[in-house]
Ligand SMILES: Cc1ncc(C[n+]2csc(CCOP(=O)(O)OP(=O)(O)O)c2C)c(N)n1
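One chain is shown next in structure tokens, namely the form predicted on its own.
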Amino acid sequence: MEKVYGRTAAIQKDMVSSLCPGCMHSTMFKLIGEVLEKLDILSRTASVFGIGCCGLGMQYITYDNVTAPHGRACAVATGVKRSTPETIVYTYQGDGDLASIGLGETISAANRGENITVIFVNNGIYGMTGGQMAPTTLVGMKASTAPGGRNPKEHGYPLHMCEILNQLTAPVYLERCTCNTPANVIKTRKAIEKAFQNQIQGAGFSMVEVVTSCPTNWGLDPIESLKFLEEKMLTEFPLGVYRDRQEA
């Protein structure tokens, strides 16, 4: 019988997921692994995971990994890439890690045009640490540190990272995707592949932002969280390519 689908070699065979039902991290780990296999770069790839639920990826992958101090993933990735240019380096970071404590490192790496790939998982909340308000939390959205909902006068507005980085000169590729439907999963895989191809070609800094759900900290079941993502998150964070300087 012809095998048409199987687990990517980038993921440990005997690992059982410990992620919450409805969480999209597992889909992201799979997509990254599939792309690394397709591009035949798995053996020379190093991941730099941020802190939080993103950091759980170290339990699942079969290739090299560095776990960075909170927010410093882009700085660590820069060091790895500059010291071993032949290594394919990517960061995998949540909104708190990339856009809050790591905002300076993220913008600086992008502004320098570092030849790395950044995968940014935006679920609008701090996941592992208990549901605190994140830089991407929606206006009116409740969090453990904003029980009355995000108030712009007190907390400011959500940060839009693709739009922010698009103001810089150096980045070559910025795209916002999601994984709420099979069609969007395919689009996200293509975006991740594009970002890695840019690095292989030495083009410079690429970021793929993936808008995802966090049913546990949103206080919703997995199906309800998909509806919230589609109706609220994607309204605030529109999908699309914000920059592609390698476009044919």
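Residue positions are given as counts along the sequence shown, with the first one as 1. Please read these numbers as outputs of a predicted model, since none were measured by experiment.
This next part talks about the form predicted together with the named molecule, which is not shown.
- Message: Quick check on Asn123: any heavy atom within 4.5 Å of the named molecule in the predicted complex?
- Response: The answer is yes: Asn123 has a heavy atom within 4.5 Å of the named molecule.
- Thr84, heavy atom within 4.5 angstroms of the named molecule in the predicted complex: No, Thr84 stays farther than 4.5 Å from the named molecule in the predicted complex.
- So, in the predicted complex, is Gly57 in contact with the named molecule at a 4.5 angstroms heavy atom limit? Contact with the named molecule, no.
- Task: Using a 4.5 Å heavy atom cut-off, state whether Ile51 contacts the named molecule in the predicted complex.
- Result: Residue-level check for Ile51: yes, a contact with the named molecule.
- Query: For the chain seen here without its partner, which of 174-182, 109-117, 76-84, 123-131 has a heavy atom within 4.5 Å of the named molecule in the predicted complex?
  - Reply: Contact criterion met by 123-131 only.
- Task: Would you mind picking the one in Lys38, Lys190, His70, Arg44 that has a heavy atom within 4.5 Å of the named molecule in the predicted complex?
- Result: Exactly one listed residue reaches within 4.5 Å, namely His70.
- Query: Using a 4.5 Å cut on heavy atoms, which of Ala146, Val139, Leu168, Ile101 is close to the named molecule in the predicted complex?
  - Reply: Comparing distances to the named molecule in the predicted complex, the residue within 4.5 Å is Ile101.
- Task: Enumerate the residues of 77-111 that have a non-hydrogen atom within 4.5 Å of the named molecule in the predicted complex, in sequence order, or give none.
- Result: If the 4.5 Å heavy-atom criterion is applied to the named molecule in the predicted complex, 77-111 yields Gly94, Asp95, Gly96, Asp97, Ile101.
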